[in-house]
Ligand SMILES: NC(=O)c1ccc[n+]([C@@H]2O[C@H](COP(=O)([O-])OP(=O)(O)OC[C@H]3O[C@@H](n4cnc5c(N)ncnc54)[C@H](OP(=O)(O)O)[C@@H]3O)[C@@H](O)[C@H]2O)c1
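As a starting point, one isolated chain is supplied in structure tokens, in the form predicted on its own.
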Amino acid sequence: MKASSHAQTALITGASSGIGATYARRLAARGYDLLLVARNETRLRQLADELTAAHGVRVDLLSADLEQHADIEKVAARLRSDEQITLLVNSAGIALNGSLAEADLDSTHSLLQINLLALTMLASAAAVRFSLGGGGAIINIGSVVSLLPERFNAIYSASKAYVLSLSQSMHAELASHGVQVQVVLPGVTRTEIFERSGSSLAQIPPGMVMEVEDLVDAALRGFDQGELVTIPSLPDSSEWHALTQARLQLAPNLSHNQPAARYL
């Protein structure tokens, strides 16, 4: 594959379809070389051929199943060793259909492995090298369900709340080292995740469903603007800032040496 003239590479997980594949197309158009990570090597090769032909960038493939510890470590090792990687897009994720009581152990384990453990280990590997180098960026794909956990599947919602919290903490730790962190909170997006989880978009009002290209374009504009939290569907960003301020106002009273008076 033809090498590009620069040395910036984006590593994208879940790159064989949906949000990850769309990030690959958009970042290739921006001139990034790519390292695409997913289980489906056939799809990865098709996407790599498409992007090399369209943009002349270098596209490398790393076939990995992020449900497996050994494969997580394989990707993390590449992040630690490849100094050309300056951007990590943690896009891999799965969903579950049904309640917590209905969830089977194997499906729950798979979700937690991919949505939490793999994302955390890869973000950690990137954070170490990026902070030592004084630059780089990490984009974590969360979900708006982290803000409305009462309305959605408990395990998936909790996993995405973790992604939001982790990203906010990472920003606090890494900003002074020149590392940008962004967490993207999509609403309902037209991807394969619904069918894979055994649910369907057919029951969701069309006005609530965003096309994946629109989602990624909005997310990248938020990234360019330096946003920590990007909610592509939210018309007024001041609503998010108000929520953040309300949360921070709790800080002085969250830890005292005596219980609140109402408990005495």
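Here the structure is a predicted model, which means the values were calculated and not measured. Don't overthink the numbering: it's just position in the shown sequence, from 1.
Just so it is clear, the following notes concern the form predicted in complex with this ligand, a form of the same protein that is not shown.
Asker: So which of 192, 102, 73, 83 reaches within 4.5 angstroms of this ligand in the predicted complex, heavy atom to heavy atom?
Answerer: Spelling it out, the residue with a heavy atom inside the cut-off is 192.
Asker: Heavy atom within 4.5 Å of this ligand in the predicted complex: which of 121, 147, 114, 164?
Answerer: Comparing distances to this ligand in the predicted complex, the residue within 4.5 Å is 114.
Asker: Would residue 66 show up as a contact with this ligand in the predicted complex if we use heavy atoms at 4.5 Å?
Answerer: Because a heavy atom of residue 66 falls inside 4.5 Å of this ligand in the predicted complex, the answer is yes.
Asker: In the predicted complex, does residue 91 have a heavy atom within 4.5 Å of this ligand?
Answerer: Heavy-atom contact with this ligand at 4.5 Å: present for residue 91.
Asker: Contact between residue 156 and this ligand in the predicted complex at 4.5 Å, heavy atoms?
Answerer: Yes.
Asker: Would residue 9 show up as a contact with this ligand in the predicted complex if we use heavy atoms at 4.5 Å?
Answerer: No, residue 9 sits far enough from this ligand in the predicted complex that none of its heavy atoms falls within 4.5 Å.
Asker: Counting only non-hydrogen atoms, which stretch in 38 to 46, 53 to 61, 25 to 33, 225 to 233 is within 4.5 Å of this ligand in the predicted complex?
Answerer: Going by heavy atoms within 4.5 Å, the stretch is 38 to 46.
Asker: Are there residues in 12 to 46 with a heavy atom within 4.5 Å of this ligand in the predicted complex, and which are they, in order?
Answerer: Stretch hits, in order: 14, 15, 16, 17, 18, 19, 20, 38, 39, 40.
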